[in-house]
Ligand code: HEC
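Read the single chain below, which is given as structure tokens and is the form predicted alone.
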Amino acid sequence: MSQKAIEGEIIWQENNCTACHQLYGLGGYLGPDLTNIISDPRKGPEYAKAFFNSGVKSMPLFNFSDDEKESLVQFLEHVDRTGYYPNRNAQFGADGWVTIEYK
């Protein structure tokens, strides 16, 4: 992960984003899963930056700087590159192991 993405992960953790949002379906359920928000053709980096401070519905109003928003985008880009959620091509083995599709 780049230094900028690591800074974004720290911001994610310090602001307890997982309390409301999920990555790979893990986390809170008040907000949407953000695993693939960056590569979603209807959303993307600029969409993500727009709601970081403005929020929607019950999302807190944050005062992230442009640099902090870019760090969060870099973190979410890193997450996005690692796979898909939901992973619709998962294969479940008889032994209980699951094989998933990676990007």
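Sequential numbering from 1, following the sequence displayed. All values derive from a computational prediction rather than experimental measurement.
The form predicted in complex with the ligand is left out here; the points below concern that form.
Would N15 sit within 4.5 Å of the ligand in the predicted bound form, counting heavy atoms only?
-> Result yes; N15 sits at the interface with the ligand in the predicted bound form.
L26: heavy atom within 4.5 Å of the ligand in the predicted bound form?
-> Contact with the ligand, no.
Examine H78 and determine whether its closest non-hydrogen atom to the ligand in the predicted bound form is within 4.5 angstroms.
-> Output for H78 is no: heavy atoms all beyond 4.5 Å of the ligand.
Report whether all of G83, P86 and K103 sit within 4.5 Å of the ligand in the predicted bound form, measuring from non-hydrogen atoms.
-> Answer is no for this spot.
Who in 30-51 is close to the ligand in the predicted bound form, meaning a heavy atom within 4.5 Å?
-> Counting only heavy atoms within 4.5 Å of the ligand in the predicted bound form, the contacting residues of 30-51 are L30, G31, P32, L34, I37, K43, Y47, A48, F51.
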